[in-house]
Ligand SMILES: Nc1ncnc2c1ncn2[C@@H]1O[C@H](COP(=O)(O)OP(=O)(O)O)[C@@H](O)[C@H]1O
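Single chain ahead, written as structure tokens, the form predicted alone.
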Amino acid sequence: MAVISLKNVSYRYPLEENQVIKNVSFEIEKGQVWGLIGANESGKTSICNIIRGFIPEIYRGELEGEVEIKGKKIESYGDGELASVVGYSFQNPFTQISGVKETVYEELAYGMENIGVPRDEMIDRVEKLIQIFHLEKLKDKNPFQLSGGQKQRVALASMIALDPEIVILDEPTSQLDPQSTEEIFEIIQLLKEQGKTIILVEHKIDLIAEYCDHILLISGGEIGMIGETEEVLTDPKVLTYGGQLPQVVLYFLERRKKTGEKGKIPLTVEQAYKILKKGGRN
């Protein structure tokens, strides 16, 4: 059964004349990792806000269609109930850190305190998260005194502390350097191995290609393309919808034009290396 289901969903923000989401339908199965891609202002964040219940509950506006999370209509979830099912990570970790706790250790426990997790279980979860997210040297520091990459790790750990089944990551590496980006994607891989259902909004398309199972490309508030990563991100039509293709794919598409080669387009550097090692034969 799908854990996320949108059927003929459209949405218009308050005071706006045009819909930003137009007749969108898709389903996501438990444990899948989806890359949500498209040009800026194509509707990606709006879809994330629909899934986590912020639309129309907080942003108001006019929502049409059916949205179900774990087989339950989203409007039937009680106050705060959806937050324990759907975890959300913001682009800027500064906005996600509570600001009321003086140490990273306390920050990791804060969300669990609010929902009444027993003390022993809370401590156990925090200790495990400190190890998983490599926060041993930071646990006694003030969250606001950390670097951008460190803040993002703390923000992610705080969200995972609530053990959500669905994790939405909205451009988690947009403000990070390459080393911090690599660390965040190591965490995404770990969440994937734990069986979390993940929606990843990210412009670093080469990393999307490596970590995601499926792709949803949004163009002008509509679904431009949808399917398995290897199928979508090797198709040049992605570019016509305002999406991006991995550098490896662009190289082999250009190579095909010059050589007339046929066969499978590699998606990652590793796949490309194997093909080139064989002299270009697929």
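Start at 1 and count along the sequence shown; that's the residue number. As the structure is a computational prediction, the values presented were derived from the model and not from experiment.
Keep in mind that the form predicted in complex with the named molecule is not shown, yet the notes after this line are about it.
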| Stretch in contact, per heavy atom within 4.5 angstroms of the named molecule in the predicted bound form, of 45 to 53, 22 to 30, 231 to 239, 65 to 73 | 45 to 53
| Is it true that F90, Q189 and Y211 each have at least one non-hydrogen atom within 4.5 Å of the named molecule in the predicted bound form? | no
| Is there any non-hydrogen atom of E57 lying within 4.5 Å of the named molecule in the predicted bound form? | no
| E16 within 4.5 Å of the named molecule in the predicted bound form, heavy atoms | yes
| message | Although the partner isn't part of this model, could you tell me whether M225 comes within 4.5 Å of the named molecule in the predicted bound form, counting any heavy atom of the residue? | response | no
| said: Residue-level contact is defined here as any heavy atom of the residue lying within 4.5 Å of the named molecule in the predicted bound form; does V248 satisfy this criterion? | reply: no
| note | Applying a 4.5 angstroms cut-off on non-hydrogen atoms, the residues of 26 to 42 near the named molecule in the predicted bound form are A39, N40, E41, S42
